[in-house]
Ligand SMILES: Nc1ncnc2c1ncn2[C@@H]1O[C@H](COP(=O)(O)OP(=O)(O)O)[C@@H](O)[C@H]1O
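Below you'll find only one chain, the form predicted on its own, shown as structure tokens.
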């Protein structure tokens, strides 16, 4: 696998306030990488720094060898990064079809967009049944599937997912993560942050453990499950709060 995303000694935050303190991670092409940690650890800020929504105060972020430091958000999207924020945010007054069309705004080819749409609707058949429904009429799980599908419509080489299980019932979480596993099998590179450590360990090839704006541990799920501190903190049968 080749290196796709490289973050080196990243310091970042908002309005002069630091949240991340020297974060270094890597994500290879076609790899699925999870980041776990308690609320306030800096997980969301990590994703926002990659996408350009947080202020980088030091260090670097590179995508496929290209330095992202001075690139605006829309340019990062054109480079192949799609960000799915927490809370299943969709355009409530737009239909499912319109939400998906918005996701493919960077692509002019109707044939390519149709191919992507076919992939999304095959992955999420419930969306095919609701193409004419407005986003605000969908259930929480359906909105999350629509949000992920909208990211895939961009044809992104890197999909950033922020707390995909947040607020969803356990059965819906299981269904969603099965879909994410299918997306992984299609070869899409995924970097996701997640409070439900057990689900993160099921999906990820590698996992980083964050605390107080820093990376404290990194390894495969099997390696981390052997660490008593990880097992006690994150695998006690409850999601991390």
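Quick caveat: nothing in here was measured; it's all calculated off a predicted structure. Numbering follows the first chain given and starts at 1.
In what follows, reference is made to the form predicted in complex with the ligand, a form of this protein that is not presented.
Participant: Would residue 19 show up as a contact with the ligand in the predicted bound form if we use heavy atoms at 4.5 Å?
Facilitator: Residue 19: yes, in contact with the ligand in the predicted bound form.
Participant: Taking heavy atoms only, is residue 182 within 4.5 angstroms of the ligand in the predicted bound form?
Facilitator: So residue 182 does not count as contacting the ligand.
Participant: In the predicted bound form, does residue 34 come within 4.5 Å of the ligand, counting heavy atoms only?
Facilitator: Flag for residue 34 set to no.
Participant: Does the ligand get within 4.5 angstroms of any non-hydrogen atom of residue 58 in the predicted bound form?
Facilitator: The answer is no: residue 58 has no heavy atom within 4.5 Å of the ligand.
Participant: Counting only non-hydrogen atoms, which stretch in 36 to 44, 196 to 204, 62 to 70, 168 to 176 is within 4.5 Å of the ligand in the predicted bound form?
Facilitator: Only one stretch passes the 4.5 Å heavy-atom test: 36 to 44.
Participant: Can you tell me which bits of 76 to 100 touch the ligand in the predicted bound form, meaning any heavy atom within 4.5 Å?
Facilitator: Only 86 sits within 4.5 Å of the partner.
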